[in-house]
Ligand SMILES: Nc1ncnc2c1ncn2[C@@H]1O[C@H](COP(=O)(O)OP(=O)(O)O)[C@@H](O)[C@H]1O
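Given as structure tokens, the chain that follows is alone and in the form predicted on its own.
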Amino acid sequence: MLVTAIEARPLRSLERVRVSLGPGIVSVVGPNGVGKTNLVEALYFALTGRSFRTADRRDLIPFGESLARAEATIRDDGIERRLLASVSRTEGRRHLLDGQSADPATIARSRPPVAVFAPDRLSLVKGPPAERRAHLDGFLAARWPARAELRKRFGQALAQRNAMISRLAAGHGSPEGLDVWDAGVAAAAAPLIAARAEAVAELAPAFAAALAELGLEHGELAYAPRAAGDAEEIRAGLRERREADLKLGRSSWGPHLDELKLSASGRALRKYGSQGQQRAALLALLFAEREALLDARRVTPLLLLDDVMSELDPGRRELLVARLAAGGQTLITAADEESLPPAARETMVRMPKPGLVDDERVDPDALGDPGAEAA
């Protein structure tokens, strides 16, 4: 599954943009301020209907405009599909597949998984556990599609139990009424916990190896579940904590409180890692997931790496590109093409000025005479 083009008309500083993409590594090169990160965001928006930089999609709308719009073209087994995402100040948001509305599950099956490295994404390492849980569950869905609904099922069961707790706190009903909701939460929690544990066990060796390549020894990716056991054991644990939950007003035990721990040499990178170490951990996690999906012959994630070279020395830049060249599609941004190893210069798109991107596939031997064709 290959993304062959991205179009934004308009989005943030990008007034009219169409860029063709190819397999392997595509590098987007241009000075700061020309909109390279906006191009990465446009591609992410087109594929997922969300932004990785803001929770409010209206932030993508340029000043003085009424909407933001991005469209991605995807080719899979010779079939071409188009995903369009838009957000309007007056009409809200849309996410269309081939011009038609589609449910999120259908859209997810029609595009590659997408993983982003960007300075803003460091919250995945240093932010709250909820971000890491959601990310891990996203990997679960890509690695084992049959398990894609585990997170949703547990969330629904948990919401029902919490609603019952609220009713009981308001004086409606008997605590024994929680029995059926305890059973529902336990039945949904047990397979989610088991799947998360299996996923982390699969990712941990590759995470440690990638982190070592990036300069951090003894890396560890560990799953720390709040609850454990089979459904019956979890149900018993919920019952034991029922009185405390009623006082608290919500469920205080279960996989909604799990943690994914990233560490190096026994030190938690969330708390003790420098920004450079946290950047390395984020990269290592993305690489571990990519390797797992390649080995499982699943759809390989599209990697969007924004400003990834700036804090890497030349040797680690070479190692990074060598990993990327092993398979899959990657978009890299860089302010200076000299910061890119030769393998990352084979296909380049240069962004000459804000607001307008030339659809230009650059031959590195002809950089002095690009012959750009405006979109």
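In this text, residue numbers run from 1 along the sequence as written. Here the structure is a predicted model, which is why all the values come from computation and not from measurement.
There is another form of this protein, the form predicted in complex with the named molecule, and it is not shown here; the text below is about that form.
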Can you work out whether the named molecule is within 4.5 angstroms of a heavy atom in all three of 225, 263 and 272 in the model of the complex? no
Candidate stretches 324 to 332, 36 to 44, 311 to 319, 340 to 348, one within 4.5 Å of the named molecule in the model of the complex by heavy atom: 36 to 44
Residue-level contact is defined here as any heavy atom of the residue lying within 4.5 Å of the named molecule in the model of the complex; does residue 61 satisfy this criterion? yes
Taking heavy atoms only, is residue 69 within 4.5 angstroms of the named molecule in the model of the complex? no
Need the contact residues for 180 to 208: heavy atom within 4.5 Å of the named molecule in the model of the complex, sequence order, or none if there are none. none
